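Just the one chain here, the form predicted alone, laid out as structure tokens.
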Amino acid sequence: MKIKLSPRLEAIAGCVDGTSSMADIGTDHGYLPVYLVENAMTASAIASDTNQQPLKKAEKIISELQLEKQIETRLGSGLSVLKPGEVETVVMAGMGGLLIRDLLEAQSDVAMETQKLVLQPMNNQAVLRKYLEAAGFRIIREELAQEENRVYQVIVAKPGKMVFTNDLEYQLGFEFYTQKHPLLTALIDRKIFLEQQIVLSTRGKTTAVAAKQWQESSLFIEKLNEVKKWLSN
């Protein structure tokens, strides 16, 4: 059996490639660590999850491929399954940005002893980037992956310092204006679409909350359209 990854997981795998050891926190079926080991993108891996059921499925795949010596499974929450410095790279993907932030904060000693964090928040990407900035991490790479109409953001960080100079960096990626990722326009279009839904749902409403949401979303759409125009030049 050869594991085939989705575009989202492929982007994550590309960010892990070249590390000697990694841990996949919230591994689900274990496809990512299996793929990485099978393709010699890492020498060893730890696949962990908070739930026994998906971990058993991961163990079955690992056993079928005879990768037990390279991939270890662990049951537990977040980085609590790791010791500081135990692996070079930690992956936390497919969960909310607030949860990733909380898990990093809960075991900050483990997070700070990694050479690389590969994070793929499903939402609240801006909140996560603000946390990384405040907590002493530097974003060294940003990747995007598209599946149908959704664009996923992958954040690669390591201990260090960074300063955001543009508020849009929190939403679109650290130093997005220098990277100009090929999928950046698609990400912007998706964000504009979502903000337009807020504008439509709050237009004409008189409550203070609705008026504020309408104003903030309208202004955000303006800024995003300015970036789109800049990218097309």
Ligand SMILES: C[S@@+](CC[C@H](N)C(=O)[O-])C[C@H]1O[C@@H](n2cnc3c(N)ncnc32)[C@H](O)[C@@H]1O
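Source: prediction; values computed, not measured. Residue numbers run from 1 along the displayed sequence.
Keep in mind that the form predicted together with the named molecule is not shown, yet the notes after this line are about it.
Stretch 77-85 is the answer when you ask which of 151-159, 77-85, 109-117, 134-142 has residues with heavy atoms within 4.5 Å of the named molecule in the predicted bound form. With respect to the named molecule in the predicted bound form, the three residues 49, 54 and 95 uniformly fall within 4.5 angstroms at the level of their nearest heavy atom. Contact annotation: residue 99 falls within 4.5 Å of the named molecule in the predicted bound form, judged by heavy atom distances. With a 4.5 Å cutoff on heavy atoms, residue 25 counts as touching the named molecule in the predicted bound form. Contact annotation for residue 29: at least one heavy atom lies within 4.5 Å of the named molecule in the predicted bound form. In the predicted bound form, the named molecule lies within 4.5 Å of some heavy atom of residue 9.
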